[in-house]
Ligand SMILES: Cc1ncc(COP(=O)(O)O)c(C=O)c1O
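Quick setup: one chain, the form predicted alone, written in C-alpha cells, and binding and motion questions come after.
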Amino acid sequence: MDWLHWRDEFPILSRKIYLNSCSLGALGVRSQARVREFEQEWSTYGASAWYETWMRRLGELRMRVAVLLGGDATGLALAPSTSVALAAVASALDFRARPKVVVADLDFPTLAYQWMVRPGVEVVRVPSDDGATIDPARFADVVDERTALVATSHVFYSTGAIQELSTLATIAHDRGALLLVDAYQSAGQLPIDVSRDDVDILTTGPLKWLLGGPGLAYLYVRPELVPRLRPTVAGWFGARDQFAFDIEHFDFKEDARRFEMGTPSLPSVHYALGGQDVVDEIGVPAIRERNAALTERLVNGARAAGLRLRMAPEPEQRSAIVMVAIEDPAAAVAHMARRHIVVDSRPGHVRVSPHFYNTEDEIDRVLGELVAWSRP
C-alpha cells in the first residue's frame, strides 16, 4: 500500500501534523464531493430529492455500515448521536426482573449516564487493576441473574486498550444478560465482526476513525433480538408505513429501523458516505496493520526516551490511542498547536492518535516535542 498516496485525500495534512483522529477524523475530499452532490440534488430536485436519491442513499449507508460491522442491514439503524441510540435501546428494555447494568470504570461517561438516570436501575462499575485494562474476570465477578445488560467499550477512550468482545459476550450470555458494545473508538481502525463475537447491540459512528464527521451515529441490534425490543420512544422514521401519515395508528418497523427517530441529517449522511468510501477501499485489516506500526513506533520511542505511558501491556491489546503522561498536558497541547501539531489532552496525559494517513516522520516529530516539553 502506498500510504503517502492517501495524504492527498485530506487537505489538513498539507498544513498540519494531524494526530487527533480519536477525537475527529480528518475531512477528506471524497466527503466534500459527496456533500456537493447532495447540494446539487437539493438545488435540482427540491423536496422530490427524497424520492429521487436520498432515501436510497440512507439505505446505502445502512448496508455498508452493516457489512463493516459483520452484520446484516436489517440490524442497522441511524441516529443523531450515540446518546439518542442508547436512549432508544434503554426504553425497550425491561429492568423489573433484571435491574442491574454493568459498565466499566474506563468507559466513556455517556455509556454510564444512560442507565444512571433510569429509575430502578442499579449501575455497577467494574474497576481496572492497572489503570489501563480490565481483566474479563472482573466482569464475571459481578454479572449475575439480576443483570440485564453488560454495556462497555470495545476500545477504552482513555487508554486505547482493546477488550475481547467474544469473551464478554460469553460472560453476559451465560448469565442471561445482553452485551452492548460502544465501538465508537474502534470502528474504522479495528476489524469488527458482531456475528462472530455474538454481540447483541453495538453503537458507533463516523465522527472519528470512519472519517465522516459529527451529527450521525449507528446502532446495530442483532436481528433475532429486534422483535423482542419495543421502544417507548418513537419517531416517524421508525413507523412501519411512515408515509401513510396515520395519526390514529402506530406500528414499528420490523427491523432495526424501529429505533430511528426523526429526519436524519442528510449532510452528515453524505460526509459519512465519503469517509466510508475511503475506509472500504483501503480495508480495515490494512488500516489496523498500518496504525499498529505507527503506534508501536510512538510507543517504543516514548519508552526509550523515558516517558510514562498509560496503555495495555501487549501490542495486540493496543489500538491507535497513545496516552503519554505529561505535566500540564493542556499547555503541552497548546504548545504543539503553535507548531502546527494537533493532538489532544485528557487529565494528566497528552493523547496522540495516529491514523493510516500519518507518516513515520510525523510520529518522530511529535515524539520530539513531547520529550522536549517533559525536559525543559
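Residue indices: 1-based, along the sequence shown. All of these numbers come straight from a predicted model, not from anything done at the bench.
There is another form of the same protein, the form predicted together with this ligand; it is not shown, and what comes next is about it.
J.: Looking at 182-190, 221-229, 296-304, 271-279, which one sits within 4.5 Å of this ligand in the model of the complex if you count heavy atoms only?
T.: Only one stretch qualifies here: 182-190.
J.: Identify which of Phe237, Tyr113, Phe108, Phe95 has a heavy atom within 4.5 Å of this ligand in the model of the complex; exactly one of them does.
T.: None of the others qualify; the residue that does is Phe108.
J.: Quick check on this chain: which one of Ser81, Thr74, Ser265, Ser91 has a heavy atom within 4.5 Å of this ligand in the model of the complex?
T.: Residue within 4.5 Å of the partner: Ser81.
J.: Using heavy atoms and a 4.5 Å limit, would one call Phe139 a contact residue for this ligand in the model of the complex?
T.: Outside the cut-off, so no.
J.: Look up in the model of the complex whether Phe252 has a non-hydrogen atom within 4.5 angstroms of this ligand, and give yes or no.
T.: No.
J.: Does anything in 143-169 come within 4.5 Å of this ligand in the model of the complex by heavy atoms, and if so which residues, in order?
T.: Residue within 4.5 Å: Tyr157, and no other.
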